[in-house]
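Only one chain comes next, encoded as structure tokens, the form predicted alone.
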């Protein structure tokens, strides 16, 4: 059901999707703050969308022109929602190659919460880090959309998952979803606490922040571990030692978004395991500014969703 594009027509043929829901990403917030490269306005923001096309419930692959290589995006790759108009609208015109059947168990809001976060998490965890059943995973910054999707994918794959957050409540919420435990990265010895609580090292670490905390990851790794990262909001890494990385044969794996093939694979996995993305809250499209204000506080656990049409 999910390995074929809907419909099987040339990619250059466009379709108009009636959007039922869309979701915010930090990319959208950064653009409104002038903190994103290559801003071109005016433009409708939004990369995530769920809606109806020809009577079918569909999701939108949240990017354009991945390119021909499965290993990396091509030079014309771009994320939907700037420079092309995105999903914060009642309708969107999109290449038919970007339209995929939405897993039947998802609500409109859950569907809208899935595409960008799910795709980014899938490529980082499954394609790049090659997670295996029974492995031990540490995910930083739990509460964010990608981190939560990575946790849900890892748990569904039979992994043991540990998390970090600066908010104790978010750690408890993650544990309620199946995480084995977690630590506050605000504690100066968080890495020692994590190693003591978990009882051993980790096979996979997933991170989006970077910064000096990244330098502690090799000390948490088992031999042959993989560290996957898809962002760097805290900037450059100071104090990173190469010795444990080469001695333990640790792989550092950067990742960005994902290909249409990976999007289809991710949707199959979500359908098979009946995974429901975590939705923090919903706002009517007309209250989009309030949704952005909520994201800026950083208090959300899961995706902030806009209800595009009633």
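In this text, all values refer to a predicted model and were calculated from it rather than measured experimentally. Numbering follows the first chain given and starts at 1.
The same protein also exists as the form predicted together with a small molecule; that form is not shown, yet it is the one meant from here on.
Of the candidate stretches 127-135, 93-101, 166-174, 195-203, only 166-174 has residues whose heavy atoms lie within 4.5 Å of the small molecule in the predicted bound form. Put simply, residue 233 is close to the small molecule in the predicted bound form: some heavy atom of it is within 4.5 Å. A residue is said to contact a partner when one of its heavy atoms sits within 4.5 Å of a partner heavy atom; residue 114 fails this definition for the small molecule in the predicted bound form, lying far away.
Proximity of residue 182 to the small molecule in the predicted bound form: non-hydrogen atoms within 4.5 Å are absent; the residue sits far from the partner.
By the criterion of a heavy atom within 4.5 Å, residue 57 is excluded from the residues contacting the small molecule in the predicted bound form.
Checked against the small molecule in the predicted bound form, the residues 276, 248, 26, 273 give one hit for a heavy atom within 4.5 Å, which is 26.
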